[in-house]
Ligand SMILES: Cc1cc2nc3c(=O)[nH]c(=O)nc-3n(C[C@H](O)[C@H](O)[C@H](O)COP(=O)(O)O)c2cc1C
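Coming up is one lone chain in structure tokens, specifically the form predicted alone.
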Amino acid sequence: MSRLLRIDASARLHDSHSREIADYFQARWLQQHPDDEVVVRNLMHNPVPHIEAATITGFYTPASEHDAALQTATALSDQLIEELMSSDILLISTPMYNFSTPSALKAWVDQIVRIGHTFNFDPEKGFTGLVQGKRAVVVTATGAVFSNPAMSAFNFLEPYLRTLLGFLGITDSHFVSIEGTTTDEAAMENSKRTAREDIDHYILGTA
């Protein structure tokens, strides 16, 4: 049995295109893997607060030296990292806001990217990701059609998430894109159809 950790970042609780396709992925995944566990963290229902000065201090202070204040400041980070590390598959559904990630998703990222827990640094070897042996599936939804060469340079969402996942040690990542949600209905419907087909092929390949 595997565990799927799902992170939903859209501010829309209804009619979210990214969540719609993530729902499809989850349903199809459970059809093929009925014994798997799914943990869902909806960042709108349960917002993750932005890190504060005490949080950063706690990140760079050995746990053996944490007082009660630092334990409190890093408690949520501990919980979110445990969710990630105990999962086998990470499913992220997110829209693009202003060419990049929603702040809700960035807040989650800032809590889980933590030295000594999800990455290490060695002056001679550089950075090493500690979130290894896992797969990630990322569903993105964009208002414009960023596969259009005229718009591709404005897409900071997918490159950022690819870089982030690789930095953490997740090198097996699969991206599913929904495009044209506010500008091109035909492109949107076509990308949704393609996304479902892509997901079917992906999941059947893991069965």
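Numbering starts at 1 and follows the sequence shown. Quantities reported herein were computed from a predicted structural model and do not represent experimental measurements.
The discussion below concerns the form predicted in complex with this ligand, not included here.
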Can all three of Phe25, Ser173 and Asp200 be found with a heavy atom no more than 4.5 Å from this ligand in the model of the complex? no
Proximity to this ligand in the model of the complex, single hit among Thr72, Gln79, Thr128, Asn98 (heavy atom within 4.5 Å): Asn98
Among 175 to 183, 42 to 50, 56 to 64, 28 to 36, mark the stretch whose residues have heavy atoms within 4.5 Å of this ligand in the model of the complex. 175 to 183
Does Arg12 make contact with this ligand in the model of the complex, using a 4.5 Å heavy atom cut-off? yes
Could you tell me if Ser191 has a non-hydrogen atom within 4.5 Å of this ligand in the model of the complex? no
So in the model of the complex, is this ligand close enough to Gly169 to count as touching (4.5 Å, heavy atoms)? no
Check Ala144 for me: does it contact this ligand in the model of the complex (non-hydrogen atoms, 4.5 angstroms)? yes
Of 108 to 122, which residues get within 4.5 Å of this ligand in the model of the complex if you count heavy atoms? none
